[in-house]
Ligand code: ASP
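This document opens with one chain alone, in structure tokens, the form predicted alone.
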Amino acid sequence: MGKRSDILLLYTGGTIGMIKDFKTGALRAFDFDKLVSRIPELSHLDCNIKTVSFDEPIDSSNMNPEHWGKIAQTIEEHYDNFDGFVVLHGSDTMSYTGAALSFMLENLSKPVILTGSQLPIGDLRTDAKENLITSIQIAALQDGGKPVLSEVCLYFEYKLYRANRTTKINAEHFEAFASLNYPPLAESGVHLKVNREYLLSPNRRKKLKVHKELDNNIAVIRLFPGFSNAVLKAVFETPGLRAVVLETYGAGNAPTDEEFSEVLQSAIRNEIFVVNVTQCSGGSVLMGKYETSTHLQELGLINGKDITTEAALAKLMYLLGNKISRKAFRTVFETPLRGEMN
């Protein structure tokens, strides 16, 4: 028998931590110190669970880089005393937080699993219990005294994904997330099946390094037929703007009209980084495959390949915050750092 894993549960807010007040019918945040009495099944897990909560639980719509720093710092402070971490989070911005944490936690060699639910923990038909119990179970998995997983993951409705590959695709179904460009890391059925060939391999000799400096002077522009070049120009003239994620069509295609190209060229000349990502849910940018993307390649747009918009934003914030030189920026962005792109 190996030693029992020590798991830290961090509650940031979100539906999972809500219970219905029987008198008023309103939802209120639930006291996580009483977690085991609420979910007695947790006492059957072969691990020790400690809980910490944000002083004021927040709705994930209010999540921002400052909160990401707080989550990263909590993990940093408790890193040596725990074998795994489970972060309870609202589902709306969970993919953004997961992507950000993957970059902020460099040399991570323990699991950090984000989970939440579509229905409150006190609801009769809740998905919260299964998501929470299995997330803790996965975080506690060990092999030869070492954690099986060593990356930032997202668990929802029987599937564990690499967090920086996910997107929220449904506001109503229990299956709220998808990872269209990367297979699940684990699947929970009658047995818990870990797809080990898809996991990141950590360098356990390197010490955890936490990056809290993020630069959020970024915009996202989604193209559509009839998109106005004046709007594009106005966005690029935003004071302090450092980078733009340009959501193009298909495999990275965009209009070929001269004015559109001139606006982009001027922005790049003004040292604004422009990353080309596809607005399709799955697939990759292949700049130069079609004539409608060759001009973007020539202008010097950064190739976002098969990265999600959420991960592109997080990666930009991280690289800008780390003051990566202009010369190296494109190369570093186009290189997978945490398994976020192929």
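The numbering used is simple: start at 1 and walk along the sequence shown. These figures come from a predicted structure and were not determined experimentally.
We do not show the form predicted in complex with this ligand, though everything after this point is about it.
When contacts are judged by a 4.5 Å heavy atom cut-off, Leu10 does not count as touching this ligand in the predicted complex. In the predicted complex, no heavy atom of Thr309 sits within 4.5 Å of this ligand. This ligand in the predicted complex comes within 4.5 Å of a heavy atom belonging to Ser60.
This ligand in the predicted complex is not approached by Glu76, whose heavy atoms all lie more than 4.5 angstroms from it. With the partner removed from view, the residue among Ser179, Asn253, Ser91, Thr134 that has a non-hydrogen atom within 4.5 Å of this ligand in the predicted complex turns out to be Ser91. Heavy atoms within 4.5 Å of this ligand in the predicted complex are found in one stretch of 259 to 267, 157 to 165, 117 to 125, 223 to 231, which is 117 to 125.
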